[in-house]
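Consider the single chain below, provided in structure tokens and representing the form predicted alone.
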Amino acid sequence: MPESNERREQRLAKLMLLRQLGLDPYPARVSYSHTCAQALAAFEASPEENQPVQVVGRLMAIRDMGKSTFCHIADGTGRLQIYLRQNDLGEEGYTLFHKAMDVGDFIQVEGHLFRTRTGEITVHAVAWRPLAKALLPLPDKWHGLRDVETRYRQRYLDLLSNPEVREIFIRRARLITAIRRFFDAQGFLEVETPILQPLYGGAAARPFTTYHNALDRTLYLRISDELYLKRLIIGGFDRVYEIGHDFRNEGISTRHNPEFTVLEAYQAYADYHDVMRLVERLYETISQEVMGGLTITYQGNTIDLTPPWRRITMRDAILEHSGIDILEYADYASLWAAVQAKGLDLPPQRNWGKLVEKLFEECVEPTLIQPTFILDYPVEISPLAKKKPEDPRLVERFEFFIGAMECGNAFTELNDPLDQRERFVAQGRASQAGDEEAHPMDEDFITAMEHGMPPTGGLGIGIDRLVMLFTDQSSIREVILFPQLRGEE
């Protein structure tokens, strides 16, 4: 019999022993007077012996010393030492503890607080009872859970074994709370928009497709919240935001997960310069609140989040790092010739804008360690952004980069319905030419725009990448509790 099966059988036998003795291994109700953290704080506040407590938690360690035993329990607030003695529990109760209980089991302990000779605050037990019998053992306490695949598939064991992993997700929760508090304080209204949509849009991505039986129609998991949030701007809400999940049917990498969390925010009577200042204030506020300062470390680099951040156009950034002035080459053929003349190893692209984007990704993006706004993107890759009045080849769009990672995207939003229709038509031609990520025509959204949309600044920030940055993680899977994985063989 494999060792794991044998150990499970041993624990099943202990479960049956409890039942034979009339003890429920899984009682329906639990009572306690203190969490582990509260018990420790109570003794620190009033270090008197014999303070009565009733505590609960998972057994994390058992050290048998004959007629006395030390163990540790843990709950969601921390760990606490328990002292059990045969003289207090009686021979039957003490023996049963060792016969029936294992590391991993949940237990209730009643007793009083004292401090041991080694200085550890401890509960001197006078009674105990089982709360939940674990049939499988926890990972070895000395080696923990280190196999990456197992950590992601069995995240509950990862959280139990690796305290540093729990801290990542505690910080994630605090960051999201801080983001909400910031936008609420700026007068934004938090809203919810559909996840199942009759037409996907708001980004360049392939969707996940599903089918609604009652409505007898195909629906899509949203790839972005943008078009519905803009409908709310049209409807008279001047400042709206949403924090939710989007879904993109794309590859998986250290920076991409098909299901991800995003913040989108839209502000009427604003442009992309206003949104840049909003981003700076957001990062300044949440960093101070969660990290206690404006300096963080990411992948060996010290990063200063103090505003103002560097602002540079995509044109100037590419020129600085490749020697190519993209606006000197008005069409794809001439720009492609310039790329080849420089000896740059880039794959061919569908159009001028896509080639500019790839040139930027290869030559510039890896250098953007300190917070940097990259401004003014090609119109071909920005179908929802307003054109620059002085150069219609470009749009008023920025992305910002920290730690050589793209962290957010923003526009001066296109609010001309005639221009928007032309952009969608152009995207349709790109789709017919084979671009699977081209934006579909959305007649309902254009109808909404024709009722009048005020000048608006829009923003999207990937929450998962933000958490990567503030927890110094190189892989997005480390900051998502249950990342997408390939099926087990």
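These figures come from a predicted structure and were not determined experimentally. Numbering starts at 1 and runs along the sequence shown.
The discussion below concerns the form predicted in complex with the RNA, not included here.
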- Message: Is it the case that Ala203, even though its partner is missing from this view, gets within 4.5 Å of the RNA in the model of the complex, heavy atoms only?
- Response: yes
- Task: Give a yes or no for Leu145: in the model of the complex, does one of its heavy atoms lie within 4.5 Å of a heavy atom belonging to the RNA?
- Result: yes
- Message: Test of understanding: in the model of the complex, would Thr218 fall inside 4.5 Å of the RNA by heavy atoms?
- Response: no
- Query: Quick one: does Phe70 come within 4.5 Å of the RNA in the model of the complex, counting heavy atoms only?
  - Reply: yes
- Which residue, Thr367, Thr116, Thr95, Thr306, has a heavy atom that falls within 4.5 Å of the RNA in the model of the complex? Thr116
- Task: Just give me the single entry in Arg85, His245, Arg311, Arg281 that has a non-hydrogen atom within 4.5 angstroms of the RNA in the model of the complex.
- Result: Arg85
- Want to guess which of 163-171, 247-255, 285-293, 230-238 is within 4.5 Å of the RNA in the model of the complex, heavy atoms only? 247-255
- Item | Triple contact flag Gln10, Glu149 and Glu399 to the RNA in the model of the complex, non-hydrogen atom at 4.5 angstroms | yes
- Members of 38-71 lying within 4.5 angstroms of the RNA, judged by heavy atom, in the model of the complex: Arg63, Asp64, Met65, Gly66, Lys67, Ser68, Phe70
